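The data below hold one chain only, encoded as structure tokens and taken in the form predicted on its own.
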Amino acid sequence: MSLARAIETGDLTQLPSRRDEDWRWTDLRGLVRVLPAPSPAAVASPPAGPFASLDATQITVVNGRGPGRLITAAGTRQTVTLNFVATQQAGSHAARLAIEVQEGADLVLLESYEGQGADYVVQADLNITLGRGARLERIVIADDSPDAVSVSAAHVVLGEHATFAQTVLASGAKRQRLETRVSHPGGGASARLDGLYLLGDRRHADITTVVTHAGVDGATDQLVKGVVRDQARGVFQGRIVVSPGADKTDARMGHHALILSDKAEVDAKPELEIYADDVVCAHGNTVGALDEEALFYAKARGIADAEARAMLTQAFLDQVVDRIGHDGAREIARAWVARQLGAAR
């Protein structure tokens, strides 16, 4: 069951529901009673996207229409901006893109999701393959309209000695889900799956990841942080599976969230499934409020309450931003966080 399948067939029974364990906090069947009409081809000029200032090849997928394949040839380096745009008011569409990073290649993928309309229902499916020794850094900024239902699902297959690094930044929507599933072969490959969500009003964001280690000597490192206020809801589901025979796996996961109002909510489910010996695996999860002592000392130095809260919140989230490898994308991500916090004051 998937949102994309429901959009393509018009069959609402294909929508995932709270009966599906991985969708228990992001129920779509109970939310979407009627699918909007299919989105037409775009007429208006789409936005350039948050990474437009960087030197990169630009790909824009408008209302589900765009190229079906992106290939980074063996031994080459490439930086690409990939901008998914929904321009239609109350439209629905699904998009698919296959991304291949061939042996020894290096790709920086600067991905964004934006909505010019409202009440749209969309899904983007990415099938990503990394060859032996390939490198991919994927930075995602999801800025959907507040009334949208938007799902991004990435399926990543790693080759031996490949390196996959990901950072997802989410501002939420009526329902927004950013899902990543990684097939990890071991064999000296490594994966970093970071993310942050910064939510206000009634926005909902769901960051879901599944990494399956299938072979010896693989590494996974994950850090996700979130901030929710007003009546927003943040969801984190992270699962790392160490299959039988995947010895010498090193897997670490951390999720930490701040709740800044009484009506906001965070649901977190970090999981480790270990079926092998000789592994190093750990996970941690914390949900709380801003440090009152740090807030007191900031205000004692003459910093206004709102500014002190924003400063401490940005410092909390910067730990995720600082792990972005691409210099230009890191600064754009840092500015995006600052804008989100400024709008909340």
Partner chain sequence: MLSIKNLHVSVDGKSILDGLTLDIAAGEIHAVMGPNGAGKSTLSYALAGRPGYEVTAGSVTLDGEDLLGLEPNERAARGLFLSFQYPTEIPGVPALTFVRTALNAQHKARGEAEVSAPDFLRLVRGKAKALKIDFDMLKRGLNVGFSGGEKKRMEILQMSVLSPRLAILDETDSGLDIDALRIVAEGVNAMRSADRAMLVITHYQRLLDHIRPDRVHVLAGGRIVASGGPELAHDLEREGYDKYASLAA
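Residue numbers count along the first chain shown, from 1. From a predicted model like this one, the values you see are computed outputs, not experimental measurements.
There is another form of the same protein, the form predicted together with the partner chain; it is not shown, and what comes next is about it.
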{"item": "G302, heavy atom within 4.5 angstroms of the partner chain in the model of the complex", "value": "yes"}
{"item": "Heavy atom of E307 within 4.5 Å of the partner chain in the model of the complex", "value": "yes"}
{"item": "Partner contact for D277 in the model of the complex: the partner chain, 4.5 angstroms, heavy atom", "value": "no"}
{"item": "In the model of the complex, T60 touching the partner chain (heavy atom, 4.5 Å)", "value": "no"}
{"item": "The single option of L31, L290, A52, M311 touching the partner chain in the model of the complex, heavy atom within 4.5 Å", "value": "M311"}
{"item": "Single option in A42, C281, A48, A298 placed near the partner chain in the model of the complex, where near means a heavy atom within 4.5 Å", "value": "A298"}
{"item": "Non-hydrogen atom within 4.5 angstroms of the partner chain in the model of the complex for each of Q78, V80 and L97", "value": "no"}
{"item": "Stretch in contact in the model of the complex with the partner chain, which is absent here, among 65-73, 281-289, 315-323, 23-31 (heavy atoms within 4.5 Å)", "value": "315-323"}
{"item": "Contacts with the partner chain in the model of the complex, stretch 196-226 (heavy atom within 4.5 Å)", "value": "none"}
